[in-house]
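What follows is a single chain, given as structure tokens, in the form predicted on its own.
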Amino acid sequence: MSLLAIVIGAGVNELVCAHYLARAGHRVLVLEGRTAHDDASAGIGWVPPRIVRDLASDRQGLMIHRADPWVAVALPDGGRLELARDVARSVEAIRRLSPRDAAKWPAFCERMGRLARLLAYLYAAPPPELMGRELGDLARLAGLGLRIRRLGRQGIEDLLRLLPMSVGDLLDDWFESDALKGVLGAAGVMHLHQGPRSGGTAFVLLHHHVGSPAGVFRPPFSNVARVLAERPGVEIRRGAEVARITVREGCIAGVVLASGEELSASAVVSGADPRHTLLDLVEPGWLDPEFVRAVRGIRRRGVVAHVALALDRSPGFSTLAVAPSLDYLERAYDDAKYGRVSRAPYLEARADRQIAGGRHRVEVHVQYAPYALAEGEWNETRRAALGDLVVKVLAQHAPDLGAAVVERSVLSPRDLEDAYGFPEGQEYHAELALDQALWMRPVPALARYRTRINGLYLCGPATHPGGGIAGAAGANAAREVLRDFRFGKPK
């Protein structure tokens, strides 16, 4: 049975979902409010092999890039610790700081890799219903139990101990080098309104290791969103902003665009954040108060700003992180905790590419810069001050950088919300805290991508498995849509 599905948004999750629905023989219309298909996060994340195989093979121009070294950490003495994709190379680099840490690095990589592979299994499908009685759920739970058992006693102990831990405690157990702990701790707080001493941040470190080679704790970059946008089979309408989702008798009816045009659909899949989808776009009255209360409680506090620099010469690095220690990160978070921009922020700079006129572009992830400020609002003066701070801090570790900057742009969390639809500037749409992950992402009632309205689904990064895993949420949501509509529209 063919149905018309409308997908709201044209990010990687939305496009993956759309193409899986189209492969199943359904008509699919993708509606994107923005006119361009560039997205601040469209190229970031591990692309599960199944998606590559099904939708975006190398023959269709897919390029996945992993920097090597994957990070260079600025050291207080002016040097750098470079961590490579090759474990042996990283061991030699770490040895110059701590022979003890160098000896432990291979074992740390092996044990983290085993746990990350378990998460990869969990991320490849919708989370099983813990109390479900359907054969599919029971089989998946049995498969998960078997995989956990295969970890062995040490692996099971590692898993149970790691999940609630702070990344600071985890790294203190393993290493003594401040620089090594600092850069790994940064992965545990990426896009998170928490510091490295907060519980559950060890899980976030593990999350960012999924799909990566041993010892690499950053997701790769790819052009998967562009490949999917250019792939035939799905109609994409840009500049088509959805103003309202229409519902009749508890079932989806379609959408109304900002232009006033009404479109009917059998299913609507939204890549927008859950609060906007369910509380702003859905007509009032279709959702019960307790469910609305749970959706309103989804935490999505943005703490990241983006700074783009244009240089008239090479910056002298491919990646450069300023995260000298766990204490540095914790102090940076202390400012954001009280509504202040960090005076000494965590920075991760990436030399993106050479641009027109022989200039070099550097993209900088800046954390912690809170969306909600204790005093005043984000304005041009505050953006300029943040840009000055970023250049000043980077220039301490790349001395020629300051004089080489010829142009810069600063996007505060509020700008990211306006430009890209990141709610409160949160790129993952919901913080990847442990209580908003796995079976509880973003809340238990939405963990299977279905909403309380028949025919309305979610597929954005706020859903399982979350940001940094490119397309998995879209593929999982499409599976649930096809399951529901296999025998006609659900009632």
Ligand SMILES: Cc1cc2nc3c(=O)[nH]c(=O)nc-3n(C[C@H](O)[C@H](O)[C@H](O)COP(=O)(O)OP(=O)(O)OC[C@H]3O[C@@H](n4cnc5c(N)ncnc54)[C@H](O)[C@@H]3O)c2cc1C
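Predicted, not measured: the structure shown is a model, and the values here were computed from it. When you see a residue number, it is the position in the sequence shown, counting from 1.
In what follows, reference is made to the form predicted in complex with the ligand, a form of this protein that is not presented.
Novice: In the predicted complex, does each of L184, L205 and G387 have a heavy atom within 4.5 Å of the ligand?
Specialist: Spot residues vs the ligand: no contact at all.
Novice: Quick one: from D335, E241, D415, E92, grab the residue that has a heavy atom within 4.5 Å of the ligand in the predicted complex.
Specialist: Checked against the cut-off, the match is E241.
Novice: Which listed residue (R80, R226, H191, R300) meets the criterion of a heavy atom within 4.5 Å of the ligand in the predicted complex?
Specialist: After the contact test, the surviving option is H191.
Novice: With the partner left out of view, is R34 within 4.5 angstroms of the ligand in the predicted complex by any non-hydrogen atom?
Specialist: Because a heavy atom of R34 falls inside 4.5 Å of the ligand in the predicted complex, the answer is yes.
Novice: Please run the contact check for P345 against the ligand in the predicted complex: heavy atoms, 4.5 angstroms, yes or no?
Specialist: No, P345 stays farther than 4.5 Å from the ligand in the predicted complex.
Novice: Are any of the heavy atoms in Y457 no more than 4.5 Å from a heavy atom of the ligand in the predicted complex?
Specialist: No, Y457 is distant from the partner.
Novice: Verify the contact flag for P69: yes if a non-hydrogen atom of it lies within 4.5 Å of a non-hydrogen atom of the ligand in the predicted complex, no if not.
Specialist: Close contact is absent here: in the predicted complex, P69 is far from the ligand, nothing within 4.5 Å, heavy atoms only.
Novice: Counting only heavy atoms and a 4.5 Å cutoff, which of 396-404, 228-236, 117-125, 271-279 contacts the ligand in the predicted complex?
Specialist: This holds for exactly one stretch, 271-279.
Novice: Does anything in 405-434 come within 4.5 Å of the ligand in the predicted complex by heavy atoms, and if so which residues, in order?
Specialist: Residues within 4.5 Å: L416, Y420, F422, E427, Y428, H429.
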